[in-house]
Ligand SMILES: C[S@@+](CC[C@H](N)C(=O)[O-])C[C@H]1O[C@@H](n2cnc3c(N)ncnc32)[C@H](O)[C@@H]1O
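Just the one chain here, laid out as structure tokens, in the form predicted on its own.
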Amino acid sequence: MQKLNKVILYCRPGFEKECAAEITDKAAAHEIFGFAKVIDNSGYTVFECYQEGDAQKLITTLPFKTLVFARQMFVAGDLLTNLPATDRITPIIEALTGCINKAGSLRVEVADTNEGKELAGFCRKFTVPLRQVLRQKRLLLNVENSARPVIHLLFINNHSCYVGYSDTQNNSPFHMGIPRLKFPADAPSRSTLKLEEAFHQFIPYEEWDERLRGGLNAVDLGASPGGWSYQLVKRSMFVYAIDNGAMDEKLLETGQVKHFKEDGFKFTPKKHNIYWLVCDMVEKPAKVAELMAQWLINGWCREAIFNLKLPMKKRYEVVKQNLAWLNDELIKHQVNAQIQAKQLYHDREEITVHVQKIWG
């Protein structure tokens, strides 16, 4: 039985320091203290808690959806090293015994790096015999159960891994924290996947029929060539595409897109029936946040999804500052709203923010 005093967090390679700064900050807000270990470009961060039991407490009390830079989090013990090639399973079973029983599912994962990709084949093959033994030892249920904890293995190489579990009510539902999306062949640009992933990330599936229904009106600021507009059109919405640049001809031929050759920062809607505002303009994050606040405060939209481009330094600080400013500005103008933010898999040097105005 291992001592579970660490929280493992997956992130985009190159953003380990931001992930570490965020978990340290937000853990402290829950009166949980520790230190983060960072390996540059590793694709994960390890947060080690000082007090026994705090790691388990952290993965249940800190809402996972509030973490911007983490793709997944689970509690674990020390890194298992020197796993024998002839029997890796026994040490893993020993590490899990006494820590968990009757888990609902198993995920054998790697970091989102080139080294991780080389291990992916090994992990797929290893999952089958490991699952069988876990079930024999009654550490894993015979049938997957989404109400029970998830066992995680993060392989660093083929003889070292972190072993632990996540709270199924407070984790990412996706393997490696990455939704598997296919690029549509007829989409104008790969940026379309950012908005599709944002819908998966921020909108509960049971609410898609209402909040992403056909017939809604939307505005796409900085729309050219139409990657984000494509997602709205695909869902039978009507789109006002705002950009001085050209739009994809196939989108215009649908009859669902009206192209206005205007600056997205100067455009104001003539009608007040806009439900969605989406925006992926390359500009300083503070300027974009101010524009989004203007739309929400003026009641020009009901929900907004937008990207904030990040600087090279102090990225977590910039994110924290802009999200806090936006929240304070909405409160000041008596706009009741829920704000979520995440660095999505399809994001690069940016984060994606979702704001939903709430009535009542």
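Predicted model, so just to flag it, every value in this text is computed and none were measured. Heads up: residue numbers just count along the shown sequence, starting at 1.
One more form of this protein should be noted, the form predicted together with the ligand, which is absent from this view; the next part is about it.
The ligand is not shown here, and in the predicted bound form it never comes within 4.5 Å of any heavy atom of F199. At a distance threshold of 4.5 angstroms between non-hydrogen atoms, S224 is in contact with the ligand in the predicted bound form. At a distance threshold of 4.5 angstroms between non-hydrogen atoms, Q256 is out of contact with the ligand in the predicted bound form. Taking the partner from the other structure, the ligand in the predicted bound form has no heavy atom within 4.5 Å of any heavy atom of S105. Listed residues I242, V288, L154, M73 were compared with the ligand in the predicted bound form; I242 is the one with a heavy atom within 4.5 Å. Between the options A147, V143, V282, V128, the residue in contact with the ligand in the predicted bound form by a heavy atom within 4.5 angstroms is V282. Checking 96 to 104, 165 to 173, 183 to 191, 114 to 122 against the ligand in the predicted bound form, the stretch whose residues place heavy atoms within 4.5 Å of it is 183 to 191.
Counting a residue when any of its non-hydrogen atoms is within 4.5 Å of the ligand in the predicted bound form, the hits in 260 to 274 run E262, D263, G264, F265.
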